[in-house]
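The data below hold one chain only, encoded as structure tokens and taken in the form predicted on its own.
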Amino acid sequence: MSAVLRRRPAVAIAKYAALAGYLAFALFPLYWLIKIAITPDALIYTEGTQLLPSSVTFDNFAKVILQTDFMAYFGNSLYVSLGTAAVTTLVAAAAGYAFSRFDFAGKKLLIAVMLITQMFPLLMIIAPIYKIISQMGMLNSLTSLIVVYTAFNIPFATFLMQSFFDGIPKDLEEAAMMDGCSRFQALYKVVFPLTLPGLGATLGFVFTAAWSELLFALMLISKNDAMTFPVGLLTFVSKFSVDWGQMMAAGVLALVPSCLFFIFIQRYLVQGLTSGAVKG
């Protein structure tokens, strides 16, 4: 018994050490991003390997905001990401509910087709997508990005929402309908509050995927005023040099919407876990 008790502190220390090591490994790239962003240009190469810069400046942030088109790219990305997240989540929620609650002809075939669409590499289908968008006259349009991102995210988002609906007993809806609710009322008053965690997770996943997507944005958008921020970051790379300070500053600024979005979503994740259950 005493040997077991002596081993417990050692096991706890090892667990915390492993956790600390993992956090350091995961957060170090973020630290280095911020470190380069606040390092003066003259010191980036001379002090590039030092953990702390000898001096700090915020000129890179000021230049990115005031002297480049990054804020326009930023706004374009925000528009595309929010639009994609909203449309995808609505469609995926409806499809996931249908797959979870109803049996209909062709259901298994439709699920199989949706799974197959996730098997093709993007490089294989970028040319057909470009041709379709070009024939529709939607090149250099933010709407084209929303359409493409929505199409590619709906299958996974649908299966994600279906898993949340599967976890909600059908008895809750049946009890509500026995009390006089229509199916839509039961869905809105009983099922919807319980699926807020699923909606939050789906919104977060789709928003992040659309926010950081580069390949389609690079292929479908060539006009400067319609570029999203991942493509805009390439403007800091010239033929003979890279403006590391401004690029890292732009990267730090690009993290802000994602962080704020997940802080907002967190409220509904908690609310979904504590509301909507049968009371009494």
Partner chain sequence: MKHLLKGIAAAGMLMGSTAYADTTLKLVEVITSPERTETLQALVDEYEAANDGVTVEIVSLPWGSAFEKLATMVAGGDVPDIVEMPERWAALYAGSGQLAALDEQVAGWEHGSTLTEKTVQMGTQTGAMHMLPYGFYLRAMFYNKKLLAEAGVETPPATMEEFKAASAAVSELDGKSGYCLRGGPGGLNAWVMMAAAMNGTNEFFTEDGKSRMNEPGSVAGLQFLIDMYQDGNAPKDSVSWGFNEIVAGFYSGTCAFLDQDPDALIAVAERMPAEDFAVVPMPVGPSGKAFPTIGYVGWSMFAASEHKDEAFDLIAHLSSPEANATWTKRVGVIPIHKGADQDPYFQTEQFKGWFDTLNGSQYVPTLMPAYLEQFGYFADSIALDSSQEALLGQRTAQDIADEWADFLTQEYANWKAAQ
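Every value quoted in this text rests on a predicted model; they were computed, and no experiment measured them. Numbering follows the first chain given and starts at 1.
Form predicted together with its partner chain: not shown, discussed below.
Asks: Would you mind picking the one in 72, 190, 82, 139 that has a heavy atom within 4.5 Å of its partner chain in the predicted bound form?
Replies: Contact with its partner chain in the predicted bound form is made by 139 alone.
Asks: Check residue 221 for me: does it contact its partner chain in the predicted bound form (non-hydrogen atoms, 4.5 angstroms)?
Replies: Yes, residue 221 sits close enough to its partner chain in the predicted bound form that at least one of its heavy atoms falls within 4.5 Å.
Asks: So, residue 235 and its partner chain: in the predicted bound form, are they within 4.5 Å at any heavy atom pair?
Replies: The answer is yes: residue 235 has a heavy atom within 4.5 Å of its partner chain.
Asks: Given that the partner is absent here, does residue 143 sit within 4.5 Å of its partner chain in the predicted bound form, heavy atoms only?
Replies: Residue-level check for residue 143: no, no contact with its partner chain.
Asks: Consider residue 58 of the chain shown here, and say whether it contacts its partner chain in the predicted bound form, taking contact as heavy atoms within 4.5 Å.
Replies: Residue 58: no contact with its partner chain in the predicted bound form.
Asks: Residue by residue through 237 to 255, which ones have a non-hydrogen atom no more than 4.5 angstroms from its partner chain in the predicted bound form?
Replies: In sequence order, 237, 238, 239, 240, 241, 242 come within 4.5 Å of the partner.
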